[in-house]
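This document starts with one chain, in the form predicted on its own, laid out as structure tokens.
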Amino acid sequence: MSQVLTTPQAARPVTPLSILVQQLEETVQIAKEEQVSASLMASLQQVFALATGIDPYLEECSTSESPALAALAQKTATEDWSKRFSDGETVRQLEQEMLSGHIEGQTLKLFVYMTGAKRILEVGMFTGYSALAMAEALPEDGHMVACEVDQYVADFARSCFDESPDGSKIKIEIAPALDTLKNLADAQESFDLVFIDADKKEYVDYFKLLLDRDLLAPGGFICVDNTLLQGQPYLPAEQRTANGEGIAQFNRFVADDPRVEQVLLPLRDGLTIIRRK
């Protein structure tokens, strides 16, 4: 069993904005130590205030998360993810920053309402925040399939879903996501809305399967997380990790595909909304 912490661990900066805030904070400190001019210091402090104020203001002006989602987020934040968990042949590091969070969860929830989706597929679940947020917007006869490769995380999420009146709408499939997608395609399943937040290097493969095998219904939507990945896709190529390169290739692949139209939003770590024509 992994350890449970008594208080949440501080989240490390993983979005372009949070990284920018951290860099600005360091820059302001350097400016103070070097005693720069008053006008330059005032300018830096104004930029810092603008950057640091965005996320708290979004939280303040958005509908509060449900008690079930708040409990799931708290449980995720106090879990000790320092232990490494195996997904079979490989070992991956889990961390609380993998949680979608309140603003993105509320965005996805409203998107379910707006599209009238009744069949949802989530590719990459982690502890289930985004899955439960979308399930809360599903009608009673709606259903969701959530793909997760890690048994421990799936059990963690299931325990949270069981505390929510909407958790029963979610079916968890434990296997590598590509295997699950192929099985769903073989069964001729089709979905109105798909949310992708899994292995970044496989994003193009997920996308191709969804369209080539008609897993995405005509007129259906795909929401894709991390499409700005810490700014790596638009920074010089030599600064990219393998995941950053995977996202850069995915963004270009989607932009060049005539079967869809899309918009990339600077929400959290980047959220791309794709519509199948």
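Each residue number is its position in the shown sequence, starting from 1. Please read all numbers here as calculations on a predicted model, not as lab measurements.
Although it is not shown, the form predicted in complex with a small molecule is what the next lines describe.
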Site test, 125, 129 and 206 vs the small molecule in the model of the complex, non-hydrogen atom cutoff 4.5 Å: yes
Candidate stretches 171 to 179, 186 to 194, 110 to 118, 155 to 163, one within 4.5 Å of the small molecule in the model of the complex by heavy atom: 171 to 179
Partner contact for residue 144 in the model of the complex: the small molecule, 4.5 angstroms, heavy atom: no
Residue 137: touches the small molecule in the model of the complex, heavy atom cutoff 4.5 angstroms: no
Distance check, residue 202 to the small molecule in the model of the complex, heavy atom within 4.5 Å: yes
In the model of the complex, residue 73 touching the small molecule (heavy atom, 4.5 Å): no
